[in-house]
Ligand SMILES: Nc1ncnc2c1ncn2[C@@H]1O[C@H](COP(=O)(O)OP(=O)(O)O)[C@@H](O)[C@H]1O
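In structure tokens, one chain follows: the form predicted on its own.
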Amino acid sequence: MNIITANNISKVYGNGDSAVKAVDDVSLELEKGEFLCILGRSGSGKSTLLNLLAALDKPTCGKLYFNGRDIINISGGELNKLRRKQIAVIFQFHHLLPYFTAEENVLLPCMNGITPVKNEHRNTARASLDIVGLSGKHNRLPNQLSGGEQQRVAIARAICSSPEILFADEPTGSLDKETGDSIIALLSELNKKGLTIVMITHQQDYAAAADRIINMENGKIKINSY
């Protein structure tokens, strides 16, 4: 079953002669449990496409479905609920709160605005940190962690609510090769456990970890390979 179906989606910025079509009439299907990589140079439209698929932005035209549900025309409240519980996103930069511990950073989406913090929330956060290999570092502040460890905290924060899909926008972009390799290995392991993953990268060797690769150029899909 498809978790995402996109039919002829486009994203246009600006109007008239100054209009720029960042995504140009893209159609694709993503199966549950798949690891998809969107590969392309800077400016190819790959990050814009990810933002559309992750419901962070709306296409200018076209149709977009999540588990068969139209997510372009749903209410803002329903869209926020979808983003909070079923869709997770990590970026090149970790966006951790500097004065919060690793556990506290992970706790934020797990709690969904609920206070005070319950033991079940802490247990979920700690379990997520354990999954990404940070056992024993729950109480470290971000500046006490390496860049790779900070990215692992970001991944733990993303998976703590048990999302159906994880979008990763250049997750290794700010990391050295060895650390980047470890993050790709972690994403592959999460995928083997059933998490659907869509990853953006410009690095061919990292793209090879995916089940399928989409190459983008000038907002269009150029090659769809397995």
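For every residue, the number given is its place in the sequence shown, counted from 1. Given the structure is predicted, the values throughout are model-derived calculations rather than measurements.
There is also a form predicted together with the ligand; it is not shown, and the following applies to it.
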For this session: Could you tell me which of 157 to 165, 173 to 181, 35 to 43, 64 to 72 sits within 4.5 Å of the ligand in the predicted bound form, going by non-hydrogen atoms?
Result: 35 to 43
Exercise. Exactly one of 22, 9, 207, 214 has a non-hydrogen atom within 4.5 Å of the ligand in the predicted bound form; which residue is it?
Worked result: 22
Exercise. Does any heavy atom of residue 47 come within 4.5 Å of a heavy atom of the ligand in the predicted bound form?
Worked result: yes
